[in-house]
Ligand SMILES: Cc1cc2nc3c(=O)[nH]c(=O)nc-3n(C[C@H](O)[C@H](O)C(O)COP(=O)(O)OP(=O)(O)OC[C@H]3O[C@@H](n4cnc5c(N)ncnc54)[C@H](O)[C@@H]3O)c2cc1C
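A single chain comes next, written as C-alpha coordinates; it is the form predicted on its own.
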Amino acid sequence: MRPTSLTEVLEAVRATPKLLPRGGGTKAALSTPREGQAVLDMTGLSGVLEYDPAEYVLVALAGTPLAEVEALLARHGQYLPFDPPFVEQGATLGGTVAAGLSGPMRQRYGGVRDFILGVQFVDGEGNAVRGGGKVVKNAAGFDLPKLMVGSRGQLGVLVELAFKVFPSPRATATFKVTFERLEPALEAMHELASSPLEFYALDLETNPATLTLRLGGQPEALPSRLERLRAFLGHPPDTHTLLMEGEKEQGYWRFVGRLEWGHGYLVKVPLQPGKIAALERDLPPGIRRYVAAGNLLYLNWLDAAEKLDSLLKAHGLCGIVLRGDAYPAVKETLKSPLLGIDLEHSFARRVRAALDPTRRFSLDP
(Lines give C-alpha, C1' and ligand atoms only; values in the text may rest on other atoms or scores of the structure.)
Protein backbone atom coordinates (compact mmCIF):
# COMPACT_ATOMS: atom_id res chain seq x y z
CA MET A 1 0.00 0.00 0.00
CA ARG A 2 1.35 3.41 -0.98
CA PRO A 3 -1.13 6.15 -0.02
CA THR A 4 -0.82 9.58 -1.58
CA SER A 5 -3.23 11.49 0.67
CA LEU A 6 -4.46 11.63 4.24
CA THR A 7 -7.74 10.08 3.11
CA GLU A 8 -5.94 7.07 1.71
CA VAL A 9 -3.92 6.66 4.92
CA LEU A 10 -7.14 6.69 6.93
CA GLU A 11 -8.67 4.07 4.66
CA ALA A 12 -5.59 1.84 4.83
CA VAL A 13 -5.42 1.97 8.63
CA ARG A 14 -9.10 1.21 9.07
CA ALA A 15 -8.95 -1.72 6.63
CA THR A 16 -5.75 -3.42 7.81
CA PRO A 17 -5.48 -5.21 11.16
CA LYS A 18 -1.64 -5.10 11.34
CA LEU A 19 0.39 -2.30 9.78
CA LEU A 20 4.03 -1.25 9.63
CA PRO A 21 4.54 2.34 8.41
CA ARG A 22 7.75 2.69 6.37
CA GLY A 23 9.52 5.65 4.81
CA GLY A 24 12.73 5.34 2.82
CA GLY A 25 13.64 1.97 4.33
CA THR A 26 17.10 3.17 5.39
CA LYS A 27 16.73 1.66 8.87
CA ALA A 28 15.95 -1.88 7.85
CA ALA A 29 15.76 -3.32 11.37
CA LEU A 30 12.87 -0.93 12.09
CA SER A 31 11.10 -1.23 8.74
CA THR A 32 11.09 -4.98 8.08
CA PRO A 33 7.57 -6.36 8.67
CA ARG A 34 6.90 -9.17 11.14
CA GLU A 35 4.61 -12.04 10.31
CA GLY A 36 1.11 -10.81 9.56
CA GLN A 37 2.09 -7.16 9.10
CA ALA A 38 1.35 -5.23 5.94
CA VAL A 39 3.77 -2.46 4.94
CA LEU A 40 2.35 1.03 4.56
CA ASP A 41 4.75 2.80 2.18
CA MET A 42 4.66 6.48 3.13
CA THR A 43 6.89 7.76 0.33
CA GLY A 44 3.77 8.70 -1.64
CA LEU A 45 3.07 11.49 0.85
CA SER A 46 5.96 13.73 -0.08
CA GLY A 47 6.46 17.46 -0.42
CA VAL A 48 6.98 20.68 1.50
CA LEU A 49 3.65 22.28 2.41
CA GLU A 50 4.82 25.54 3.99
CA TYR A 51 8.17 27.26 4.27
CA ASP A 52 8.82 30.91 5.01
CA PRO A 53 12.56 31.47 5.50
CA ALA A 54 11.84 34.65 7.47
CA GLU A 55 9.84 32.63 10.04
CA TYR A 56 12.34 29.75 10.30
CA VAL A 57 9.54 27.16 10.18
CA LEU A 58 9.07 24.32 7.70
CA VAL A 59 6.00 22.09 7.32
CA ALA A 60 6.24 18.97 5.15
CA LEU A 61 4.61 15.61 4.56
CA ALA A 62 6.14 12.68 6.41
CA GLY A 63 7.38 10.89 3.28
CA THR A 64 9.46 13.86 2.14
CA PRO A 65 13.11 12.86 1.60
CA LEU A 66 15.56 14.62 3.90
CA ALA A 67 17.73 15.40 0.86
CA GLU A 68 14.88 17.44 -0.64
CA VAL A 69 14.37 19.35 2.61
CA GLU A 70 18.08 20.05 3.08
CA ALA A 71 18.45 21.28 -0.50
CA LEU A 72 15.52 23.69 -0.08
CA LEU A 73 16.84 25.01 3.23
CA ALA A 74 20.37 25.40 1.86
CA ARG A 75 19.11 27.70 -0.90
CA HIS A 76 18.05 30.08 1.85
CA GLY A 77 21.11 29.63 4.07
CA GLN A 78 19.30 27.45 6.61
CA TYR A 79 19.50 23.85 7.85
CA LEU A 80 18.12 21.20 10.24
CA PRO A 81 20.32 21.64 13.34
CA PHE A 82 19.69 18.13 14.67
CA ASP A 83 21.78 16.82 11.74
CA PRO A 84 19.75 13.75 10.68
CA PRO A 85 21.77 10.80 9.34
CA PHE A 86 21.08 8.69 6.22
CA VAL A 87 20.25 11.74 4.09
CA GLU A 88 22.12 10.46 1.04
CA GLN A 89 20.56 6.99 1.34
CA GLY A 90 17.01 8.35 1.05
CA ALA A 91 15.77 8.75 4.63
CA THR A 92 12.50 10.62 5.12
CA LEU A 93 11.31 13.14 7.69
CA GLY A 94 8.77 10.76 9.17
CA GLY A 95 11.20 7.88 9.47
CA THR A 96 13.79 10.11 11.14
CA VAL A 97 11.28 11.26 13.76
CA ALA A 98 9.91 7.74 14.34
CA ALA A 99 13.45 6.42 14.88
CA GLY A 100 14.43 9.45 16.98
CA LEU A 101 17.67 9.97 15.07
CA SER A 102 20.06 12.89 15.30
CA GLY A 103 23.64 13.22 14.11
CA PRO A 104 26.92 14.60 15.48
CA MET A 105 25.97 18.25 14.92
CA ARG A 106 23.19 17.95 17.50
CA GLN A 107 25.96 19.01 19.93
CA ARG A 108 25.37 22.72 19.24
CA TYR A 109 21.60 23.08 19.56
CA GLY A 110 20.03 19.74 20.48
CA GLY A 111 18.37 16.70 18.95
CA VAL A 112 15.29 16.15 16.81
CA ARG A 113 13.07 16.35 19.90
CA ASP A 114 14.15 19.98 20.36
CA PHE A 115 13.11 21.05 16.86
CA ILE A 116 9.81 19.33 16.14
CA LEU A 117 6.89 21.73 16.58
CA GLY A 118 3.82 19.92 15.32
CA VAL A 119 2.54 16.65 13.91
CA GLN A 120 -0.48 15.19 12.21
CA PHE A 121 -0.86 11.42 12.45
CA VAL A 122 -3.42 8.65 12.14
CA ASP A 123 -3.95 6.64 15.32
CA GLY A 124 -4.70 2.94 15.66
CA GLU A 125 -8.46 3.48 15.35
CA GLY A 126 -8.18 5.35 12.06
CA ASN A 127 -8.59 8.87 13.44
CA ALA A 128 -6.63 11.87 12.18
CA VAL A 129 -4.98 13.59 15.15
CA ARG A 130 -3.09 16.89 15.34
CA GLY A 131 -0.68 17.96 18.05
CA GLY A 132 1.44 21.06 18.47
CA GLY A 133 1.54 23.68 15.73
CA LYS A 134 3.96 26.03 14.02
CA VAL A 135 5.26 28.04 16.97
CA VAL A 136 7.53 27.05 19.84
CA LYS A 137 5.11 27.59 22.74
CA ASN A 138 1.99 25.79 21.59
CA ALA A 139 1.47 22.73 23.78
CA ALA A 140 -1.06 22.10 26.51
CA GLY A 141 -1.50 18.63 27.99
CA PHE A 142 0.44 15.86 26.23
CA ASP A 143 3.20 17.14 23.94
CA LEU A 144 2.25 14.81 21.10
CA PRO A 145 5.06 15.89 18.73
CA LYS A 146 7.72 14.89 21.24
CA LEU A 147 5.91 11.63 22.02
CA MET A 148 6.29 10.71 18.35
CA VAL A 149 10.08 11.07 18.48
CA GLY A 150 11.47 7.54 18.81
CA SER A 151 7.99 5.96 18.78
CA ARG A 152 9.02 3.55 15.95
CA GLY A 153 5.59 3.92 14.37
CA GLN A 154 3.83 2.26 17.32
CA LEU A 155 1.71 5.28 18.26
CA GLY A 156 0.41 6.12 14.82
CA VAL A 157 1.22 6.83 11.19
CA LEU A 158 2.96 10.17 10.82
CA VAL A 159 1.45 12.20 7.98
CA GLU A 160 2.67 15.79 8.43
CA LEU A 161 5.41 17.42 10.50
CA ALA A 162 6.46 20.97 11.40
CA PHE A 163 10.02 21.90 12.37
CA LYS A 164 11.88 25.00 13.39
CA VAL A 165 15.05 25.53 11.37
CA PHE A 166 18.17 27.64 11.94
CA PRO A 167 20.61 29.70 9.84
CA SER A 168 23.55 27.61 8.61
CA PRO A 169 27.04 28.54 9.77
CA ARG A 170 28.72 30.49 6.99
CA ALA A 171 31.98 28.58 7.44
CA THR A 172 33.08 25.44 9.27
CA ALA A 173 36.35 23.78 10.21
CA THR A 174 37.08 20.42 11.82
CA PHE A 175 39.99 19.72 14.17
CA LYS A 176 40.96 16.13 14.95
CA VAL A 177 43.18 15.20 17.88
CA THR A 178 44.39 11.59 18.13
CA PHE A 179 45.57 10.27 21.51
CA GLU A 180 47.68 7.23 22.29
CA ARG A 181 45.26 6.11 25.00
CA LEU A 182 41.53 6.41 25.70
CA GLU A 183 41.84 7.94 29.18
CA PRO A 184 43.40 11.30 28.16
CA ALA A 185 40.96 11.53 25.24
CA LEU A 186 38.03 11.13 27.64
CA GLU A 187 39.48 13.68 30.02
CA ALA A 188 39.93 16.19 27.20
CA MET A 189 36.38 15.53 25.95
CA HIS A 190 34.89 16.23 29.40
CA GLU A 191 36.91 19.45 29.72
CA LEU A 192 35.93 20.65 26.25
CA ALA A 193 32.24 19.87 26.85
CA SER A 194 32.21 22.13 29.93
CA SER A 195 34.40 24.84 28.41
CA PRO A 196 33.17 28.19 26.99
CA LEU A 197 34.15 26.94 23.51
CA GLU A 198 31.15 26.20 21.29
CA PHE A 199 31.20 23.18 18.99
CA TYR A 200 28.88 22.04 16.25
CA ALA A 201 30.22 18.53 16.88
CA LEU A 202 32.22 17.03 19.75
CA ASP A 203 32.79 13.36 18.98
CA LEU A 204 34.99 10.57 20.24
CA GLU A 205 36.11 7.89 17.80
CA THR A 206 37.88 4.74 18.98
CA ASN A 207 40.76 2.67 17.60
CA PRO A 208 42.64 4.98 17.95
CA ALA A 209 41.06 7.35 20.46
CA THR A 210 40.37 10.53 18.47
CA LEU A 211 38.42 13.66 19.34
CA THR A 212 36.69 15.23 16.34
CA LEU A 213 35.75 18.87 16.95
CA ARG A 214 33.73 20.94 14.50
CA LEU A 215 33.58 24.72 14.74
CA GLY A 216 31.24 26.94 12.75
CA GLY A 217 30.39 30.61 12.34
CA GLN A 218 31.65 33.65 10.46
CA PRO A 219 34.65 32.95 8.18
CA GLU A 220 36.70 35.79 9.61
CA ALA A 221 36.26 34.48 13.17
CA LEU A 222 37.29 30.86 12.60
CA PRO A 223 41.11 31.30 12.67
CA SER A 224 41.06 32.96 16.09
CA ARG A 225 38.62 30.35 17.43
CA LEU A 226 40.89 27.56 16.22
CA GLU A 227 43.78 29.20 18.05
CA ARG A 228 41.69 29.38 21.21
CA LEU A 229 40.94 25.67 20.82
CA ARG A 230 44.63 24.82 20.41
CA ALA A 231 45.49 26.93 23.44
CA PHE A 232 42.78 25.27 25.51
CA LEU A 233 44.08 21.82 24.62
CA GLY A 234 47.56 22.97 25.58
CA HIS A 235 49.27 20.88 22.90
CA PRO A 236 49.01 17.65 24.94
CA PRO A 237 51.89 15.20 24.54
CA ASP A 238 51.54 11.95 22.60
CA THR A 239 48.92 13.37 20.24
CA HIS A 240 48.55 13.94 16.52
CA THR A 241 46.39 16.76 15.11
CA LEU A 242 44.69 17.33 11.77
CA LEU A 243 42.77 20.36 10.51
CA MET A 244 40.16 19.97 7.77
CA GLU A 245 38.49 22.85 5.93
CA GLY A 246 36.63 23.45 2.69
CA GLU A 247 35.34 20.63 0.50
CA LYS A 248 37.45 18.00 2.26
CA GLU A 249 35.79 18.89 5.55
CA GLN A 250 32.31 18.93 4.03
CA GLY A 251 32.92 15.55 2.41
CA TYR A 252 34.11 14.08 5.71
CA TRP A 253 30.84 14.98 7.45
CA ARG A 254 28.78 13.66 4.54
CA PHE A 255 30.63 10.37 5.00
CA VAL A 256 29.93 10.39 8.75
CA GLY A 257 26.23 11.03 8.10
CA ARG A 258 25.96 7.86 6.03
CA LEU A 259 27.00 5.66 9.00
CA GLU A 260 28.07 3.00 6.53
CA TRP A 261 30.39 0.69 8.39
CA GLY A 262 30.17 -2.56 6.49
CA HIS A 263 28.86 -5.85 7.86
CA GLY A 264 27.20 -6.18 11.23
CA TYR A 265 24.49 -4.44 13.15
CA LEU A 266 24.38 -0.64 13.42
CA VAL A 267 23.13 0.10 16.93
CA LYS A 268 22.21 3.40 18.58
CA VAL A 269 22.94 3.49 22.33
CA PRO A 270 22.04 6.50 24.50
CA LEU A 271 24.38 6.76 27.46
CA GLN A 272 26.13 9.06 29.91
CA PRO A 273 29.75 10.10 29.23
CA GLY A 274 30.81 8.68 32.60
CA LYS A 275 29.97 5.15 31.38
CA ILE A 276 32.24 5.19 28.34
CA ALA A 277 35.45 3.99 30.02
CA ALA A 278 33.81 0.91 31.59
CA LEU A 279 31.90 0.12 28.41
CA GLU A 280 35.05 0.33 26.29
CA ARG A 281 36.78 -2.20 28.53
CA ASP A 282 34.08 -4.75 27.65
CA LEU A 283 33.50 -3.94 23.98
CA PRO A 284 35.55 -5.90 21.41
CA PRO A 285 37.63 -4.00 18.83
CA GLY A 286 35.41 -2.43 16.22
CA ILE A 287 34.07 0.74 14.67
CA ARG A 288 32.10 3.07 16.90
CA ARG A 289 31.52 6.77 17.38
CA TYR A 290 30.42 8.58 20.53
CA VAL A 291 28.65 11.79 19.51
CA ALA A 292 27.30 14.81 21.39
CA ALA A 293 30.17 14.82 23.91
CA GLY A 294 29.64 11.14 24.68
CA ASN A 295 25.87 11.18 25.20
CA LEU A 296 25.10 8.92 22.24
CA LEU A 297 26.93 5.95 20.73
CA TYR A 298 26.67 4.62 17.19
CA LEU A 299 28.10 1.11 17.37
CA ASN A 300 28.99 -1.43 14.71
CA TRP A 301 28.44 -4.91 16.23
CA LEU A 302 29.85 -7.99 14.50
CA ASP A 303 28.58 -10.73 16.80
CA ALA A 304 25.22 -12.20 17.82
CA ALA A 305 22.68 -9.62 18.98
CA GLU A 306 22.09 -11.69 22.11
CA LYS A 307 25.64 -11.03 23.27
CA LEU A 308 25.24 -7.26 22.86
CA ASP A 309 21.92 -7.46 24.66
CA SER A 310 23.63 -9.05 27.68
CA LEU A 311 26.54 -6.60 27.58
CA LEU A 312 24.24 -3.56 27.53
CA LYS A 313 22.16 -4.94 30.38
CA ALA A 314 25.32 -5.42 32.44
CA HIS A 315 26.09 -1.72 31.98
CA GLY A 316 22.52 -0.54 32.58
CA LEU A 317 22.12 0.61 28.98
CA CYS A 318 19.58 0.14 26.21
CA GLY A 319 20.13 0.09 22.47
CA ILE A 320 18.16 0.01 19.25
CA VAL A 321 19.30 -1.79 16.11
CA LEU A 322 18.89 0.47 13.10
CA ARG A 323 20.05 -1.71 10.26
CA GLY A 324 22.44 -4.38 9.11
CA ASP A 325 22.46 -8.12 8.78
CA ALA A 326 24.18 -10.41 11.18
CA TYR A 327 27.88 -10.82 10.57
CA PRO A 328 28.30 -13.61 7.96
CA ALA A 329 29.70 -15.96 10.60
CA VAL A 330 26.59 -15.44 12.76
CA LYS A 331 23.37 -16.90 11.41
CA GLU A 332 20.42 -15.49 13.33
CA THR A 333 17.12 -13.72 12.89
CA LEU A 334 16.81 -10.52 14.87
CA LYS A 335 13.88 -11.04 17.23
CA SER A 336 13.57 -7.41 18.25
CA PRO A 337 15.42 -4.17 17.41
CA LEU A 338 15.48 -3.31 21.12
CA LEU A 339 18.47 -4.50 23.14
CA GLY A 340 19.66 -4.04 26.71
CA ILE A 341 17.56 -2.92 29.65
CA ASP A 342 13.81 -2.55 29.18
CA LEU A 343 12.76 1.09 29.47
CA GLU A 344 9.07 0.26 29.12
CA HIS A 345 6.98 1.71 31.93
CA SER A 346 3.33 2.22 32.80
CA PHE A 347 3.05 5.69 31.24
CA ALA A 348 4.28 4.46 27.84
CA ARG A 349 1.87 1.53 27.97
CA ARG A 350 -1.05 3.83 28.77
CA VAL A 351 -0.16 6.16 25.89
CA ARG A 352 0.05 3.23 23.49
CA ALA A 353 -3.24 1.83 24.76
CA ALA A 354 -4.92 5.20 24.23
CA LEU A 355 -3.60 5.74 20.70
CA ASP A 356 -3.59 2.13 19.48
CA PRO A 357 -5.95 0.06 21.66
CA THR A 358 -6.12 -2.82 19.16
CA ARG A 359 -2.31 -2.99 18.82
CA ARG A 360 -2.54 -2.40 15.10
CA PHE A 361 0.99 -0.97 15.00
CA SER A 362 2.59 -3.23 17.60
CA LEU A 363 6.01 -4.66 16.69
CA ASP A 364 5.69 -7.41 19.28
CA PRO A 365 5.07 -10.98 18.05
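Keep in mind that this is a model prediction, so the values were computed, not measured. Start at 1 and count along the sequence shown; that's the residue number.
The form predicted in complex with this ligand is left out here; the points below concern that form.
Open vs blocked, site of this ligand as found in the model of the complex, superimposed, 2.4 Å to backbone or C-beta: Blocked.
One stretch from 184-192, 170-178, 97-105, 290-298 that, in the model of the complex, holds residues within 4.5 Å of this ligand by heavy atom: Residues of 97-105 come within 4.5 Å of the partner.
All of 22, 62 and 91 within 4.5 Å of this ligand in the model of the complex, heavy atom check: Contact check passed for all of 22, 62 and 91.
Candidate from 152, 164, 225, 146 lying within 4.5 Å of this ligand in the model of the complex - any heavy atom: Checking each option against this ligand in the model of the complex, the one that comes within 4.5 Å is 152.
Selected contact from 260, 198, 245, 114, since only one has a non-hydrogen atom within 4.5 angstroms of this ligand in the model of the complex: It is 260 that has a heavy atom within 4.5 Å of the partner.
Residue 30: touches this ligand in the model of the complex, heavy atom cutoff 4.5 angstroms: Looking in the model of the complex, residue contacts with this ligand include residue 30, since a heavy atom lies within 4.5 Å.
Non-hydrogen atom contact residue 267 with this ligand in the model of the complex at 4.5 angstroms: Answer no; every heavy atom of residue 267 is more than 4.5 Å from this ligand in the model of the complex.
Any non-hydrogen atom of residue 211 within 4.5 angstroms of this ligand in the model of the complex: No, residue 211 is distant from the partner.
Contact test in the model of the complex: residue 256 vs this ligand, heavy atoms, 4.5 Å: Heavy-atom contact with this ligand at 4.5 Å: absent for residue 256.
Residues of stretch 155-193 in contact with this ligand in the model of the complex (4.5 Å, non-hydrogen atom): 156, 157, 158 sit within 4.5 Å of the partner.
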